[in-house]
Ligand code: NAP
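Below you will find one chain, with nothing else, as structure tokens; this is the form predicted on its own, and questions on how it binds or moves follow later.
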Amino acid sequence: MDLGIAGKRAIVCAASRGLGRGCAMALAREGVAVTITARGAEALERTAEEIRVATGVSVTAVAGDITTEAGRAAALAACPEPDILVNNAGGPPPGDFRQWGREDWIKALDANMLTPIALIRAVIDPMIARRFGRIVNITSASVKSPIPTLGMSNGARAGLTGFVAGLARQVARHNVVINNILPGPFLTDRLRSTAEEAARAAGRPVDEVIAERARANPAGRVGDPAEFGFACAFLCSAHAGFIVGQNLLIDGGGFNSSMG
């Protein structure tokens, strides 16, 4: 299927590895010129070159922390009027809410709620003027089924979800659509870090914890970031204009509900 976005421009956040990389690669395969961001310059440039070699499209790497004003300004300077925005940022650490102070919460909100909103604000009016825009926010399956040890993530991402639900319905008439993708267990650094925490607490090898989690999923495995990227690319496509304000759960069936 031709997704109809060849020649478009995209900003993909936190794209040096994991889910962000999967999204950037999938968009580039559709002929989208991608600007990718991440904090680690070396890993980011390595990913940029891999995408260039695999797809032949233009890839701009912008090293910086997207959760800061300077990081966002650098990304927007490299791609001032993107047609596509994929918001993504690492989640806050697990723990007991009794251990978290105000600064911990503000950091979580900055990364997983306020940064996506700031980027949306920066790009949405030009999208409206061009009558094309696709915004995808990578959130978490915890929006539908909260994870007890990830309280800060549960709260911050739920806040973003509520904001998007209202805004998406205001701009859809301009062919600007905003949706969220809620990943379950994918083979990423984030999955490994949470598995390491569980492994330490249980005194078990981390690979054993990951394998056990994979077996417990109805799909019998954890997800591949590449397949997540393909789903993101479709939501960014010319064919997704009637998919508005939705929360696409991609978790191998882990969330048990008749209604999804």
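Just so you know, these numbers come straight off a predicted model, no measurement behind them. Numbers for residues come from their place in the sequence shown, where the first is 1.
Below, we refer to the form predicted in complex with the named molecule, which is not included among the displayed structures.
- Contact with the named molecule, judged by heavy atoms within 4.5 Å in the predicted complex, is confined among 184-192, 120-128, 170-178, 76-84 to 184-192.
- Although the partner is absent from this view, Arg157 contacts the named molecule in the predicted complex, with a non-hydrogen atom inside 4.5 angstroms.
- Proximity of Thr67 to the named molecule in the predicted complex falls within the 4.5 Å heavy atom cutoff.
- Under a 4.5 angstroms non-hydrogen atom cutoff, the named molecule in the predicted complex lacks Ile11 among its neighbouring residues.
- Among heavy atoms of Leu19, some come within 4.5 Å of the named molecule in the predicted complex.
- Though the named molecule is absent from this view, in the predicted complex it lies within 4.5 Å of a heavy atom of just one residue from Ile138, Met152, Val164, Met113, which is Ile138.
- Applying a 4.5 Å heavy atom cutoff to the named molecule in the predicted complex picks out Asn88, Ala89, Gly90, Gly91 from 86-108, in order along the sequence.
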